[in-house]
Ligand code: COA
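For reference, the chain that follows is the form predicted alone, supplied as structure tokens.
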Amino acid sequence: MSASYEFLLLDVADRVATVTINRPDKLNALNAAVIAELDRMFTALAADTGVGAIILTGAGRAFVAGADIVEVAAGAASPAGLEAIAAFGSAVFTRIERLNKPVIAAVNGFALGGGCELALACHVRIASTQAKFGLPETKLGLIPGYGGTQRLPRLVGQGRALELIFTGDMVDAQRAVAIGLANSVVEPPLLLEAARALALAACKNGPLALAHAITAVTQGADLSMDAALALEAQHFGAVGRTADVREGTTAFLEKRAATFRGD
């Protein structure tokens, strides 16, 4: 990718893109500029046929410690200002959630407020033992504004989500796994290795199948069971008409590894 980024680092190897939020002096706090760069970066990676999966992490001791409070305080001068901040961040996070490739959050440290919400927008969350998750917005007289009130209850249940929002307290990685907020926890030196192993496993499979599965899961979550099952059937049929399915089934019968081309 030729575009330059002030707050993001990118490394691509073996079809896995690792995106690092690089604002460690501010604990990678999210402001409008960082969120705009995330939007540009993920849009470009979605279109890049050389990338099959994406890892998102943070530089230093934080994944993302939250929204930039200076910017939030300025927005608080008017309700419209805060609403605009929330709408922009929420739209970008939704585009990440609906990306056509697996997105794995490698949560290396603090994932608080907007950082927790960014992790929630990723498809899978792998946590370091040093990770801390939380939605402390109520301590500032606010509520989560980047999707936290919606994604967290869907992931961990309404009662647990409201407990975290009511208290604003942090939970450690082990507790995050226990309640379903994180998928797994590993020692810090193994974090990117674990995320990369999952990404590489995904990259071995059909890219169109992954894209259709992501859409079925993310869109189906907002539907009734009957409607969601109908949606799944539509995507099953759509992916079944691809050359990748013919290659995958033929490779299985011939007892060889499939070579998917994404068509």
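All values reported here derive from a predicted model rather than from experimental measurement. Residue numbers here begin at 1 and follow the sequence given.
Keep in mind the form predicted in complex with ligand COA is missing from the figure; the text below concerns it.
Interface membership of residue 40, defined by any non-hydrogen atom within 4.5 Å of ligand COA in the model of the complex, is ruled out.
Ligand COA is not shown here, but in the model of the complex it comes within 4.5 Å of a heavy atom of residue 113.
Residue contact check for residue 102: none of its heavy atoms lie within 4.5 Å of ligand COA in the model of the complex. Though the partner is left out of this view, residue 27 does reach within 4.5 Å of ligand COA in the model of the complex, counting heavy atoms only. Interface residue among 170, 179, 91, 82 relative to ligand COA in the model of the complex, by the heavy atom within 4.5 Å criterion: 170. The partner is absent here; in the model of the complex, the one residue of 34, 53, 67, 195 having a heavy atom within 4.5 Å of ligand COA is 67. Partner contact region in the model of the complex: 134-142, out of 186-194, 159-167, 82-90, 134-142, criterion any non-hydrogen atom within 4.5 Å of ligand COA.
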